[in-house]
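One chain comes next, on its own, written out as structure tokens in the form predicted alone.
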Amino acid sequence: MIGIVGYGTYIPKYRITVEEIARVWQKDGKAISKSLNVKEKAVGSLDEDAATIAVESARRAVSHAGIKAKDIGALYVGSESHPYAVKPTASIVADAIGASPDLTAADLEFACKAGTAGIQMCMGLVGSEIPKWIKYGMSIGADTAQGRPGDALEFTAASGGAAFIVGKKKEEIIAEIEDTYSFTTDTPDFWRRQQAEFPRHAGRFTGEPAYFKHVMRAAEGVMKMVKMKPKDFDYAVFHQPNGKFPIRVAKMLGFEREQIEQGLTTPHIGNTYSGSMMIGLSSVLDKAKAGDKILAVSYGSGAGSDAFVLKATKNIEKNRPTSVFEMFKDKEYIDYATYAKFRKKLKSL
């Protein structure tokens, strides 16, 4: 039995509305907000980056799991905005939470699905038959997502992250991971070259041959493996580049709106890239009850998807962390000038 024994989420308190961004670029903010189904996005402050977000998420996950950080044998941080080009974020996190140096750690990058790839790696190490391998593994998805000023990405690219601890003790697992499945192709829908500050994207091409194809194939693949259909799930969570794509892909797969509502976080905080699906899953775990079945599917441009089938155990109701929806309420609105300063868009600073 392998599953999640604890999780932690961090969302910066600062918010900027879609309409405020649109005002600066003389666009119709209400129309854009409706089109994207995003009202506002979370913005990391001057002293917040993927590393600080990962550290805070990791600390909260350790606290929720009620374990010793020194028992974590593997730690992975997935992000496409690591603060260093050559210097791991994972080692910073491990040291900050008091993990033992006797662990394996690495940074991962696969656009927005690097964090879920880390979960799969932790599953393999935790479940390994090699004696005394690792007790717990932690995977984090954290980003301060980039968007070129005035580009469509700027309306959704947000900051935030989530950490999951994977273990195998039945009495500790809050959600058993019953199976996982991945689908990957070379589909260049979104990219950022070395030294380039902002990513580029292929516009509408990012939808049909990229996001929808991969999410659907991964979801269908894992459901086939476990012999389940959409009606068999209590919740479903999909990667959320905006607030419309996950609703559309859920409908295409045969899920009802009420199955995805709890995990639909992007309308409230924007697209946190590597943290996107993981924050959505955290929100679902905030409400899930023993026996509930959950489908979770990530997506990373380039392109690939990781799908998971989880089953909540009786342990999930023993200790609830601060919910994601409660974090939505802790916010402070900023104007575009402050946002530009926080995200270092003013190059003379």
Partner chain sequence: MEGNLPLIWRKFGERYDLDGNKCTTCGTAYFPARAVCPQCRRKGKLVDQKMPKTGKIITFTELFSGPAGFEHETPYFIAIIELDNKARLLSQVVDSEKEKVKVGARVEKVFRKISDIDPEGPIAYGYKFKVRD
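Residue numbers count along the first chain shown, from 1. Computed from a prediction, not measured in an experiment: that's the story for all the values here.
What comes next is about the form predicted in complex with its partner chain, which does not appear here.
In the predicted bound form, none of the heavy atoms of residue 62 sits within 4.5 Å of a heavy atom of its partner chain. Under a 4.5 angstroms non-hydrogen atom cutoff, its partner chain in the predicted bound form has residue 45 among its neighbouring residues.
Residue 286 falls outside the set of residues with a heavy atom inside 4.5 Å of its partner chain in the predicted bound form.
Although the partner is absent here, residue 149 is not a contact residue: none of its heavy atoms lies within 4.5 angstroms of its partner chain in the predicted bound form. Remark: all three candidate residues (55, 83 and 341) come within 4.5 Å of its partner chain in the predicted bound form, counting heavy atoms only. Out of the listed residues 208, 232, 179, 95, 95 is the one that sits within 4.5 Å of its partner chain in the predicted bound form by at least one heavy atom. Per the 4.5 Å heavy atom criterion, its partner chain in the predicted bound form is contacted by stretch 45 to 53, the sole one of 319 to 327, 45 to 53, 295 to 303, 23 to 31. Shown here without its partner chain, the chain has 10, 13, 14 in 1 to 39 lying with a heavy atom within 4.5 Å of that partner in the predicted bound form.
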